[in-house]
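A lone chain, given as C-alpha cells: the form predicted alone.
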C-alpha cells in the first residue's frame, strides 16, 4: 500500500471557523500539512487520492454525519486515523463511532490545543505503523510465494 498522505491532516467541519482554527493551530505548531473541508462529500472525493494520515471530522454536519463520513473513509483507507470532533458529548455516540467507523479518538469541543496536538501526533504515528506493517506483510507474502515456487521446482527436478 502506498502511503501518500503521511503527515497530512484533513479537517472536515461544516463550521468553517472551527476547521480554520484547527488548521491554523496545527500549521503553526506542527510540521503537518492540513487541508480543510466544510462538506464531507467534497472531502470524500479527495480522501482516496491523498490518503491523509489523520482525518478529524465534526459529528453533526448537514448531508452526512461525521460517523457516516468516517465509515466511508475507513472503507477507502483502513489504516488512516479517524478522529470524531463533537460538541455533543455522549457515550452512545462514542461507542457507535468506534464500532461503525473504527474511530481512534473522540475529541470534545472545546478542545485543548496541547491535547489536540498530542492526539494528532499519536494518530500520525499509528497510521505510519499500520502502513509499515501492511508493507511488511506484503513482502512476507511475496517471500512465501517465492519459497513455495522454489519448493515446487525442487520437487519437480527430483521426481
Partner chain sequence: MTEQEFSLPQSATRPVGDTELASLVSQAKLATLGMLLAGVAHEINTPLGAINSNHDVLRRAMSKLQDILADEVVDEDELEEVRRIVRALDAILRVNDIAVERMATLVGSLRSFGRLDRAPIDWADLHEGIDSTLAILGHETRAVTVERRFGVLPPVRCHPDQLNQVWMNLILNAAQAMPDGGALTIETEHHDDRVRLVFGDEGCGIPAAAQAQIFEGGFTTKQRRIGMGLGLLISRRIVEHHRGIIAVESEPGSGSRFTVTLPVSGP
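This one's a predicted model, so the numbers in the text were calculated from it and none came from an experiment. Positions refer to the first chain, counted from 1.
This protein has a second form, the form predicted in complex with the partner chain, left out of what is shown; the following refers to that one.
When the partner chain is considered in the model of the complex, only one residue from 126, 96, 117, 35 comes within 4.5 Å through any heavy atom, namely 117. Shown alone, this chain has one stretch from 46-54, 60-68, 127-135, 96-104 that lies within 4.5 Å of the partner chain in the model of the complex by heavy atoms: 60-68. Though the partner is left out of this view, residue 9 does not reach within 4.5 Å of the partner chain in the model of the complex, counting heavy atoms only. Although the partner is absent here, residue 144 lies well away from the partner chain in the model of the complex, with no heavy atom inside 4.5 Å.
Using a 4.5 Å cutoff between non-hydrogen atoms, residue 90 does not count as a contact of the partner chain in the model of the complex. Taking non-hydrogen atoms only, residue 28 approaches the partner chain to within 4.5 angstroms in the model of the complex. Heavy atoms closer than or equal to 4.5 Å to the partner chain in the model of the complex belong, across 96-111, to the residues 109, 110, 111, ordered by sequence position.
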